[in-house]
Ligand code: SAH
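Shown next as structure tokens: one chain only, the form predicted on its own.
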């Protein structure tokens, strides 16, 4: 066991899922923030356990060529970003390798690499921000939580956000200070303003402002609107009533104070209406690349019924509708379902329908009614698929499952579970929607071996009778390819 406060020399040999460096000291794994693979450092032990320790760099003895000066002035304190200390090439490499390691270790795969689509820019790419509000010496301020705490770190200019979002934040804080609007205190449960939520349509330029409040009214609304209307693109102001303890930003009730209560944006040549609770990928450019990859991997035909679980406002559903015979979307948030239906109408799409409900239970109900999906698309929250969803997919037996994930570990777990149901991983692609942050989006395609319509029980002694060439003249090229795929899966060719 290492000694707390002792300084050790070690080389960073790997990364954690959160992007911290890992060094090995006397057989113990030491987790070191702001470290880069290959660097030799002097590390002070901050916390010591039997099998692991947490450390802090005291001195870098051998610096990585990937180390750069931080552009963000609060990068060391703010918990929003993780990688301002390294160049983007190393960040992309570690993210792709994180996906590969998860699929191999948890998913039972043997991948040599996972390709990644890096982002074209690391700045001003986010279309949504959620600023917690705090108070110090009678003055309000907003920023982001320090990692692992609810301590708000003030950030004058967040580089991964468009400037208009910080302008909204500054306008609201100025209004709060001038009119002495109370700020929510987690310890007492008192105070009005909790969070400043901002969403921007990248194509439309429209801005939605939603204030999370511990009440139902806001004082001096005209004066607040006067400030917000000076910001280019400001379109609507909404209150969300959040009177519960905890760290949730949005409440269950929304009160529109100005504008329509939503904004619009264009994605994949489709127009979408976005309310405060609508799920919408935060990186517009990379989301389009992600959805295009999903469509390509799905290999949809006009004869296909596509089931889109966790469909949000229908972005993937409607993008796939042009290629499919029918698309069915399922989403648990009622407001998002209404937005999805409206988005289908506004885009003139008639072969898509949407249902509100838990993904797994709704899929099981559809299966019980005899509805079968030829292709399934799942884009679950970070916790991944639940048991009902896995079972529903097994019963429906779509020939292909396209899985979009924001967590490599739960993705890999679900890949292993779906393999037990007769699926196999065809390919995996990492897409970086979160430059400078530890999160990584992944898209995988799983296919049902039953696509080949072959059931084989082969004795090992018969393997030498299987030729490496499948060429009966009565087979179509597609059929021959399917049989080859099955032979390869069983290791016969």
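Residue numbers count along the first chain shown, from 1. Keep in mind that what you see is a predicted model, and the values were worked out from it rather than measured.
We do not show the form predicted in complex with S-adenosyl-L-homocysteine (SAH), though everything after this point is about it.
**Student:** Quick one: which of 81-89, 102-110, 140-148, 356-364 gets within 4.5 Å of S-adenosyl-L-homocysteine (SAH) in the model of the complex, going by heavy atoms?
**Tutor:** Only one stretch passes the 4.5 Å heavy-atom test: 356-364.
**Student:** Which of 116, 332, 323, 202 has a heavy atom within 4.5 Å of S-adenosyl-L-homocysteine (SAH) in the model of the complex?
**Tutor:** By the 4.5 Å criterion, the partner-contacting residue is 332.
**Student:** Of the options 339, 379, 265, 414, which one has a non-hydrogen atom that comes within 4.5 Å of S-adenosyl-L-homocysteine (SAH) in the model of the complex?
**Tutor:** Checked against the cut-off, the match is 379.
**Student:** Does S-adenosyl-L-homocysteine (SAH) get within 4.5 angstroms of any non-hydrogen atom of residue 291 in the model of the complex?
**Tutor:** Although S-adenosyl-L-homocysteine (SAH) is absent here, residue 291 would touch it in the model of the complex, with heavy atoms inside 4.5 Å.
**Student:** Can you tell me if residue 310 lies within 4.5 angstroms of S-adenosyl-L-homocysteine (SAH) in the model of the complex, counting non-hydrogen atoms only?
**Tutor:** Residue 310 belongs to the contact set for S-adenosyl-L-homocysteine (SAH).
**Student:** With heavy atoms only and a cut-off of 4.5 Å, decide whether residue 327 touches S-adenosyl-L-homocysteine (SAH) in the model of the complex.
**Tutor:** Residue-level check for residue 327: no, no contact with S-adenosyl-L-homocysteine (SAH).
**Student:** Considering non-hydrogen atoms and a 4.5 Å limit, does S-adenosyl-L-homocysteine (SAH) approach residue 316 in the model of the complex?
**Tutor:** It does: once S-adenosyl-L-homocysteine (SAH) is placed as it appears in the model of the complex, residue 316 has a heavy atom within 4.5 Å of it.
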